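As a starting point, one isolated chain is supplied in structure tokens, in the form predicted on its own.
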């Protein structure tokens, strides 16, 4: 069989259930935030929607975590959607993951209302007019709100979720209020949250949130997730999320 990757791309081993992913050598590549989101989300039920899948990393990991799930993955950038589709074929997951090259803001034309048990999203972290410019278009689209805002993401999530369905997201900690307020305004009640700290004594830099469509008020804060221990290596919990063995690097 001919290689799935193209010039300028590379196949990376996810070290989890034999999964692999095709990525650009110089453009956008998935980061820790995507792995943390997949580990935090609880893909209950069979219907999962991944908004802004990028190269498909969260969809692939969720397919490995919940082998009963069928995942629809939306990605606005054609080249990224194509890369995600090829990763799906590489892993023989064509029957379980559908990649749509589409704008999540057109969710009413793309999706059936109330169809999904779980919606996940790793949205752009930075407002379009903030932060430094990204070196490539794919990185700029992933990091800045050029193609969608938190409001757009919440609208799409509410529309797609079943009553009582779950939505899981990750965002920079400095935007905690923005995210919680946006979810509540769109009737996705924040129910579970977890801060991510680089080290035990460091302030948090990321926030994981799970909300329920038409859920009752009441937010459970889980203990912070610490990435690095005092020895400079990944903590045991972080290693477990990455499915690392103790003698792996880190």
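Residue numbers count along the first chain shown, from 1. A quick note: this is a predicted structure, and the numbers were derived from the prediction, not measured.
Heads up, the form predicted in complex with a further copy of the same chain isn't pictured, but that's what we're talking about next.
Though a further copy of the same chain is absent from this view, in the predicted complex it lies within 4.5 Å of a heavy atom of just one residue from 65, 32, 46, 197, which is 197. Of the candidates 76, 168, 180, 90, 180 is the one whose heavy atoms come within 4.5 Å of a further copy of the same chain in the predicted complex; the others do not. Contact annotation: residue 184 falls within 4.5 Å of a further copy of the same chain in the predicted complex, judged by heavy atom distances. a further copy of the same chain is not shown here, but in the predicted complex it comes within 4.5 Å of a heavy atom of residue 173. Taking non-hydrogen atoms only, residue 26 never approaches a further copy of the same chain to within 4.5 angstroms in the predicted complex. With a 4.5 Å cutoff on heavy atoms, residue 190 counts as touching a further copy of the same chain in the predicted complex. Heavy atoms within 4.5 Å of a further copy of the same chain in the predicted complex are found in exactly one of 218 to 226, 38 to 46, 51 to 59, 65 to 73, that being 218 to 226.
Applying a 4.5 Å heavy atom cutoff to a further copy of the same chain in the predicted complex picks out 200, 201, 202, 203, 204 from 198 to 216, in order along the sequence.
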